[in-house]
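The chain below stands alone and is given as structure tokens, in the form predicted on its own.
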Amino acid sequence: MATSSIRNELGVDIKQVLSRMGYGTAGVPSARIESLVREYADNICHLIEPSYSHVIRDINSVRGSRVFIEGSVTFRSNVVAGLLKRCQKVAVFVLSTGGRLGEVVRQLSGDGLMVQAAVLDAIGSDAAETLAHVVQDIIAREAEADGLGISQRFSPGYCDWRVSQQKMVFRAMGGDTAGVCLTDGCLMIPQKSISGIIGIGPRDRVESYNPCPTCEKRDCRGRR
């Protein structure tokens, strides 16, 4: 689904962009870097072509670390199984900010403008994450209409969910992948794309689920 109407919602979080570039609480960007970030952020709408698609699938059963989804789809992950056994359905989504931004980043890099390329790449990542929040809100409203709640988002590569499971995510989409393609190595093209799932079920069960105590990935930045 093309989402040109959503483009204006993809505001850039300057602090998040600087953080993605390595400027944390202790690091202070130069005036030049901060000026570039603000300049590019003000004009990013010309390089963003947002699109997304999502489907709602029934959860047929959960057995151990395997989750059997409507449409001959099987997710394999202890963490995902722990979430989806609490749910009635699962929303599967794919979204992208389009390929134009990546083309400009590559052009800047090819011209030796590495700082400008790094700034634009970080802004693109922030825009993709913002679009993911927009899609999550859309799914939340659909669930709320049925008196249900949603879980946090999970993407292949999170916790113990292998990146190779992208194939199952794309199979669940039934061919409508918002213009995003999957390589043999399970990388998405365009680069600034996100895929994943959101559990749907009773609010008291899905909203309270925290996978961190069951996950062995101790160095995760999102650990709670």
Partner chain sequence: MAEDIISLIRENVIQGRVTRDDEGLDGGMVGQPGVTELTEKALATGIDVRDIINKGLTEGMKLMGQKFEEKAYYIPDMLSSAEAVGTAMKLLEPHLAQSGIKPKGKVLLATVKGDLHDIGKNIVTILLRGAGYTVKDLGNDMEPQSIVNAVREENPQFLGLSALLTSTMVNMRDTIQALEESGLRDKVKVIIGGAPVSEEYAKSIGADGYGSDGFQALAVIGSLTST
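Everything numeric here is computed off the predicted structure, so don't read it as measured data. Numbering follows the first chain given and starts at 1.
There is also a form predicted together with the partner chain; it is not shown, and the following applies to it.
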Discussion item. Please determine whether Arg32 contacts the partner chain in the predicted bound form, using a 4.5 Å cut-off between heavy atoms.
Written reply: yes
Fill in: Proximity of Thr183 to the partner chain in the predicted bound form, heavy atoms at 4.5 Å
yes
Item to complete: Answer yes if any heavy atom of Gly175 is within 4.5 Å of a heavy atom of the partner chain in the predicted bound form; otherwise answer no.
Response: no
Item to complete: Classify Asn78 as contacting or not contacting the partner chain in the predicted bound form by the rule of any non-hydrogen atom within 4.5 angstroms, answering yes or no.
Response: no
Practice prompt. Would you point out which of 147 to 155, 133 to 141, 92 to 100, 106 to 114 contains residues with a non-hydrogen atom within 4.5 Å of the partner chain in the predicted bound form?
Written response: 106 to 114
Discussion item. Within 4.5 Å of the partner chain in the predicted bound form, counting any non-hydrogen atom, which residues from 120 to 143 show up?
Written reply: Asp121
